[in-house]
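Below, in structure tokens: the form predicted on its own, a single chain.
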């Protein structure tokens, strides 16, 4: 099969360019509003920016994890979404650049970074060997070096596979993904501690990193399902992506929804039953002052609603219904990140700012514009992947 197979046709390319332009406009307007918000309230802007940044970076990182999982496990589900996953991973250079506001605002955003805090807070003083600004920034640079290195090789070798075919590149991709996935899990664990858990430096949870990792995977799966269904409406994928492929993706989405709920409940029940003064205030803040309604909404609409919907086999084979559930989960993933971040600052009562909308929209607009640009650069399927024909045959009626 030649690299020209499954190339994006001109009509679809033009539509993607229009959507890219629209996303870019939304992103620029959102970031201009963020600049205004910074003038009005730097503290609130940084909090809102962290919510948007962590969600969109997590979406790209979730795609990186799924990409390596697919190389290790094989399966038709991964081949039909590989190009979407790859394009999402190639947004990570943008996210590295967008980390700069957080790097410059670390002393405003994080309590442990406030000048003189170690003199009055014994807990923070005991953790200062890890929670200090220079080491925090060095770790962030290290995380991005690792993520960008994995992204570079996974995308380069995939392109080489397109050009040359054969088993060599597939074997190299699989060989890299084994240690790469392990290193990735470690970096995500530390990054989640650094960027989110340390907002409350007195609190800790041994399950938090895994919960963040699964949440990122859930965001990524929801996103690629929505994009794949949109692409499958027009050539060249309209005759390739079948209901069986969608059914497989829907089952995996259900699995991630259930795993996220299991880990969330496990963390709650372990901390609540332990009732330790270092741990329990984190949940007390989120179960009072109006924040409990956000928690209830997450239970009902992040878990119960998609769980019940995805139990239906017919829904998982219905493109519009499955895409609707996927988009719904994406929205609730942003709400979940908001619930993790904002109660650390507004403990007395629930409060929202217009910046909580502007920052995720601004970052998301730029992210989507860059994603669509990357998606246009290669054929929509890995044309010379050894198992591509087998994966496509999997979706055909027998």
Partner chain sequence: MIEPVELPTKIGIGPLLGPGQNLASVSDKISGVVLNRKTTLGWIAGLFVSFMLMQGLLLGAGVLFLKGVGVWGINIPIGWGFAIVNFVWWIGIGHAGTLISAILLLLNQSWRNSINRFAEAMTMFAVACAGMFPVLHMGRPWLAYWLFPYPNTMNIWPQFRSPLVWDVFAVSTYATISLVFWYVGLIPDLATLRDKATKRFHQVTFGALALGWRGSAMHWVRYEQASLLLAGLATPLVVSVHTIVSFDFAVSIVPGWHTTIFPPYFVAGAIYSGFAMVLTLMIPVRQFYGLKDLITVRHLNNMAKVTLATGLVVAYGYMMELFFSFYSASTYEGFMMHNRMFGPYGGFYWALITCNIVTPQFLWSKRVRTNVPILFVISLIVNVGMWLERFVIVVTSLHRDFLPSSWGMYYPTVWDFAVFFGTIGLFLTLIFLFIRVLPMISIFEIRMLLPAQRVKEPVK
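Since the model is a prediction, treat every value here as computed from it, not as a measurement. Residue numbers count along the first chain shown, from 1.
One more form of this protein should be noted, the form predicted together with its partner chain, which is absent from this view; the next part is about it.
Undergrad: So, in the model of the complex, is residue 178 in contact with its partner chain at a 4.5 angstroms heavy atom limit?
TA: Yes - in the model of the complex, heavy atoms of residue 178 and its partner chain come within 4.5 Å of each other.
Undergrad: Is there a non-hydrogen atom of residue 71 within 4.5 angstroms of a non-hydrogen atom of its partner chain in the model of the complex?
TA: Answer yes; at least one heavy atom of residue 71 falls within 4.5 Å of its partner chain in the model of the complex.
Undergrad: Report whether the minimum heavy atom distance between residue 328 and its partner chain in the model of the complex is within 4.5 Å.
TA: Answer no; every heavy atom of residue 328 is more than 4.5 Å from its partner chain in the model of the complex.
Undergrad: Counting only non-hydrogen atoms and a 4.5 angstroms cut-off, does residue 152 reach its partner chain in the model of the complex?
TA: Because no heavy atom of residue 152 falls inside 4.5 Å of its partner chain in the model of the complex, the answer is no.
Undergrad: Heavy atoms, 4.5 Å, its partner chain in the model of the complex: which of 320 to 328, 235 to 243, 199 to 207, 102 to 110 makes the cut? Say which one.
TA: Answer to the contact question: 199 to 207.
Undergrad: What is the one choice in 312, 132, 167, 288 with a heavy atom within 4.5 Å of its partner chain in the model of the complex?
TA: Flagged contact: 167.
Undergrad: Could you check which residue among 308, 123, 141, 230 gets a heavy atom within 4.5 Å of its partner chain in the model of the complex?
TA: By the 4.5 Å criterion, the partner-contacting residue is 123.
Undergrad: In the model of the complex, does each of 127, 186 and 193 have a heavy atom within 4.5 Å of its partner chain?
TA: Contact check passed for all of 127, 186 and 193.
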